[in-house]
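This document starts with one chain, in the form predicted on its own, laid out as structure tokens.
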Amino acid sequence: MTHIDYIDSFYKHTMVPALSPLTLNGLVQVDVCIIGAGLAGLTAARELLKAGKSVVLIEGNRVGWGASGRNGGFVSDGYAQGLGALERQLGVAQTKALFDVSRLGTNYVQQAVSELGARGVRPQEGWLRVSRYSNEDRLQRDIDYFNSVYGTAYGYWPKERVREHLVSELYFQGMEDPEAFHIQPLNYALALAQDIRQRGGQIYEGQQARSLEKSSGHWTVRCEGNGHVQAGSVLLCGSAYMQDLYPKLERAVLPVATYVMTSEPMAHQLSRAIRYAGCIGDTRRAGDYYRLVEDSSRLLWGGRMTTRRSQPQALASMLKKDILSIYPQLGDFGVDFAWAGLMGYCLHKMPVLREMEPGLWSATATGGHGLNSTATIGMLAAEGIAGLSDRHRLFEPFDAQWGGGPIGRMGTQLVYWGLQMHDWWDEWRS
């Protein structure tokens, strides 16, 4: 096993002790082999073990090492693709069915944190989404529609209330989701891993899966060194980090980076600017997202998007500039941690959850709305593999379509820049 450490992030700074890694030697035979120990793979493993299946997870790095342990930590209903676009494609009934299973994912995370007594996860309720231009009538109509059709409990915030809690002249009206919450995602992943180990599952870290071989009645996953796994079913959860294993899926998942930073402790400065303890984001197509952490003494901020895999040298100053454009009263604060997270993203902005061929499944591409959807697709993949339900078929319209390779990545970047221009135009004309 290759020794790999976690990147230097706020989450590593506050992580609980991880399990001692296991080394894969020789042949291991199980019912299900899962490739990728991020949140989708961990959720699927936990549910398969509950269903009586024997499970092995193969992870090329560490548990929660990728996007699962680097994201903003937001947990809320829905997907990266908006409900309006889904309604136009699928109709209201199927869109509502998809939204309902996304709510199961949100509830799953909440219940798992409680059941596992997950240390260091520290859930905090509420998500306030604010507009950067006056949009009172439309926002109120949207809230009324979502609450009546989808059974949500969204609340409308007028400009005065928004600015009482978020002291910025750039913010106008807002929408609060009281059922959303934020967590420390790496510690949540480690809690799931510990539960999997206690239930008899095996997690092999630092083991790159190198090939998939189909035989009569089973699959063989060959890893670095002499380790290999023989399983009746294989579940692919490697997202943007999976390479040269199953090209059809890899070509569909575009690697998209987003950036996150955490400030130095500055409780006094923050109390003059941010007085909301839950998740915060704006309604722009290419918006910022942030939250207070460590007893409201630090600001964790995420934003921007690129298809480059490399991290900008000036990442901290770039994000700090974004923050000060909204909250100039924070002054010249220090940045203790800044990092990039690489998420898997499909052109249709939905997860790829399906049986790719007999016995070979995928549950991946949750970029853009990750934590609840990792739980949703992990649960439904486990149900499908175990033969307990066919709810995974709700995702049949979202195939592993080719993402366009380098041209597709360029196109995704151009789309993002176009969204920024639309946002700027909306603010300017308001």
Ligand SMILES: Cc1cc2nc3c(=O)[nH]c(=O)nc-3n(C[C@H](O)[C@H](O)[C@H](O)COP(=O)(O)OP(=O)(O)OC[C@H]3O[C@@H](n4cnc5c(N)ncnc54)[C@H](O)[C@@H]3O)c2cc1C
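Since the structure is predicted, the reported quantities are computational estimates derived from the model, not experimental observations. Position 1 is the first residue in the sequence shown; the rest follow in order.
What comes next is about the form predicted together with the named molecule, which does not appear here.
Participant: Can residue 361 be called a contact residue for the named molecule in the predicted bound form at 4.5 Å between heavy atoms?
Facilitator: Residue 361 lies outside the contact set for the named molecule.
Participant: According to a 4.5 angstroms non-hydrogen atom cut-off, is residue 70 in contact with the named molecule in the predicted bound form?
Facilitator: Residue-level check for residue 70: yes, a contact with the named molecule.
Participant: Check whether residue 235 has any heavy atom within 4.5 Å of a heavy atom of the named molecule in the predicted bound form, and answer yes or no.
Facilitator: Because no heavy atom of residue 235 falls inside 4.5 Å of the named molecule in the predicted bound form, the answer is no.
Participant: With a cut-off of 4.5 Å between heavy atoms, is residue 74 one of the residues that contacts the named molecule in the predicted bound form?
Facilitator: Contact check for residue 74: yes, within 4.5 Å of the named molecule in the predicted bound form.
Participant: Using heavy atoms only and a 4.5 Å cut-off, determine which of 338, 292, 118, 242 is in contact with the named molecule in the predicted bound form.
Facilitator: That would be 242.
Participant: Would you say all of 102, 123 and 378 touch the named molecule in the predicted bound form, counting a heavy atom within 4.5 Å as a touch?
Facilitator: The answer is no: none of the three residues contacts the partner (heavy atom, 4.5 Å cut-off).
Participant: If we take heavy atoms and a 4.5 Å cut-off, which stretch out of 353-361, 88-96, 320-328, 257-265 is in contact with the named molecule in the predicted bound form?
Facilitator: One stretch meets the cut-off, namely 257-265.
Participant: For a quick check, can you give me the residues of 171-190 that have a heavy atom within 4.5 Å of the named molecule in the predicted bound form?
Facilitator: Residues within 4.5 Å: none.
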